[in-house]
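The chain below stands alone, shown as structure tokens; this is the form predicted on its own.
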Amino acid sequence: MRRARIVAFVLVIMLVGGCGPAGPEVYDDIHFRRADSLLQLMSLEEKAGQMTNIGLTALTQGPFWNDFDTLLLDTAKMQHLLIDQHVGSIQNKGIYPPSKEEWHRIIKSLQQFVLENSHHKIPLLIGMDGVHGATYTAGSTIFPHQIALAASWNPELARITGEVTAYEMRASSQPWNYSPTLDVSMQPLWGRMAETFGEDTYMHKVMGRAFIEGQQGESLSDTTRVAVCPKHFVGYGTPFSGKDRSPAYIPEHYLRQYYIEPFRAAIEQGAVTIMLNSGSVNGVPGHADTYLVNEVLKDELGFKGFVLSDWEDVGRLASMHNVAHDSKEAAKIAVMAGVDMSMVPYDASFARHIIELVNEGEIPMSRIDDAVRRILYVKFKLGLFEQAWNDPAGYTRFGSEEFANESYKAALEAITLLKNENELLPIENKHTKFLITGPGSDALTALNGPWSRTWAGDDPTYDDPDKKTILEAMQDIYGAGNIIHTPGTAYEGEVESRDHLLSKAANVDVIMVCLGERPATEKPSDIDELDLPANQLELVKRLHQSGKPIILVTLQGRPRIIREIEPLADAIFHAYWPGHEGGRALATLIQGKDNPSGKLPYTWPRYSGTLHTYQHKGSDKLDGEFGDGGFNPQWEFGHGLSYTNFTYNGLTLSADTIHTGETLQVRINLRNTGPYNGKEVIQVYLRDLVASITPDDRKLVAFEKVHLAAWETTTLEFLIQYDDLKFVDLNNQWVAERGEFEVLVGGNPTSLNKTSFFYTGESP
């Protein structure tokens, strides 16, 4: 009773204006005040436990990564870690994906154990990687990966993906999502590009904000919403070598211009947790970078939530980065650099280090209080103290046809038509005979990619039996009797013989070859060259000898070099990893019941050693003859074809001269001049013609996707903001410089409409 009176008294003090040591100017809402009240009652040991995040399998019976049909909790382990060591956060799972009912059993058991046995009854914060749906729950909706959402150029689809993912995670009692990935990636060798929105900063800002809006809604206490954890602050997606968790070398003015801005937008949208970069930037490990974490993220960007380490990365400050002698010193460096919670991931060693470091005077208690206050704030904001788990029976839309259709729509708008020689597509004749082959032709894993039921996503054991592979979807449309299938080859290995392949092709009208990359992520996704494996290229070369038209489909999360076989294909679809409904969406597009509208969210290189992005500098264009043909990708950022034609004209600006702080209106007419209804992405770029630092070739500043019926015309209007004129100078300041700017508008990056205006550099 005495403790209850103290809590009530402290809470009253907080509510009438006192906010404890943090100060009212920082912690000025009810959730911070509740967090600070509780903080005053906690011991150092309890605080250190709240800063500790462990893997679920540290609490279960059986071996590490157990694959039991039923996951069983170990009471002794729960007592030791959750009660004696006060661990406050748990993440992820074992091998198999539990059902939402099993997740309810597991999480309810864990939460009840803590609430019944701990001193302050602080609920656990359960985190999960729901990067393209609640994919770690059996029967959930699997959406296209982020890179495919970016290819849709439709923020509404990102918002819906976030909303459905949140709903299905909460149905599984999971309130915290390690997503979205806001790593701008200009290095396609990096295997996690699939988890990003591509190579453009503005795309990450727009799509990231939409996804977060869908995830978090109006209130995190809404039991259909989750807290996001944007990752990986910052620079993680452009490692110098292309290898995961490896060093990046990014000048600070580039870091600020291209990489930090998506996180700023996420914070403005209400993100309350952020995960750090596992690698290093300019020689400083992300988990030891006090400048970027404390000064930039927390102070400059005003981030009030908590900062989470990535998997085992605090310990790796000693074991990999070699900036600490041992794990204890690593804990000190990380916490003082701004890490608030550590994924240990399987014991309470981090908490024990924190206790020792505080008692030894190496970490001030004020720093611990700051970290724990931030963590408790998120728990209060999520409403976990009122409801720590959710009844799955109340989530009747889980795994529904409604949600499947949302995934289908996203896949339809993402899949990108890169080539359509002699208008081979669409193929409306349902009696057309196909040979379908390739490693991606008859596998759901080839559609879903990594983070799908399992971490790697390459185990068909957990496939959803009612979902269609590409082969099955094509059979549904064209009839099983019109489809011949042969594997052709695997992702790597031998190719079926020329004679066998040509005999299969002899009696068909069209060959469809589904190539791509074996699902993988993080270190297993590291590759040494960007070329598609030679056996897959050879499969296309052998089939080309049949003389039959070839549709090439690529299923992968990044561009792989296909220079040798591109001329052999009559049509090429890039399908990314389009999710559960990707086979159905692709078949629909081939038939022509819908019209492709995806556009590339990255530059597709022609050679492994030539990886310039669309933002390239002028000198990147120099060729061997000192001409301007040096920038020569296979396809440019923003490229994507349709079955219809779109014509632009009448590009006008509201003024030919603007002053500081003013906006500029852009107008352009768009007409569908082809025979099909279709969607077009209008892309608006800005080009600074002369600057004190060599300017980018162009910068995306706006886009919109519109639907036009055949022969329909519309007029589009866009605003160019004053801030769009700015870049980051060598003093790391955003500046706009006096001079001429070009506005480039269109749907095809190689034929943009152009006009210009002059910025005076003066106030109006």
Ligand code: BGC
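The first residue of the sequence shown is number 1, and the count goes up from there. Here the structure is a predicted model, which is why all the values come from computation and not from measurement.
Keep in mind that the form predicted together with this ligand is missing from the display, and what follows is about it.
Heavy atoms within 4.5 Å of this ligand in the predicted complex are found in one stretch of 308-316, 415-423, 158-166, 370-378, which is 308-316.
Using a 4.5 angstroms heavy atom cutoff to this ligand in the predicted complex, none of A411, T469 and R518 count as contacting. Among residues of the shown chain, D570 is not one whose heavy atoms approach this ligand to within 4.5 Å in the predicted complex. In the predicted complex, at least one heavy atom of Y178 sits within 4.5 Å of a heavy atom of this ligand.
This ligand in the predicted complex comes within 4.5 Å of no heavy atom belonging to Y259. Although the partner is absent here, W577 sits far enough away that none of its heavy atoms falls within 4.5 Å of this ligand in the predicted complex. Proximity to this ligand in the predicted complex, defined as a heavy atom within 4.5 Å, singles out one entry of F211, F350, Y236, F197, which is Y236. Though this ligand is absent from this view, in the predicted complex it lies within 4.5 Å of a heavy atom of just one residue from K599, R584, R192, H287, which is R192. Taking this ligand as positioned in the predicted complex, the residues of 208-237 that bring a heavy atom within 4.5 Å of it are, in sequence order, K231, H232, Y236.
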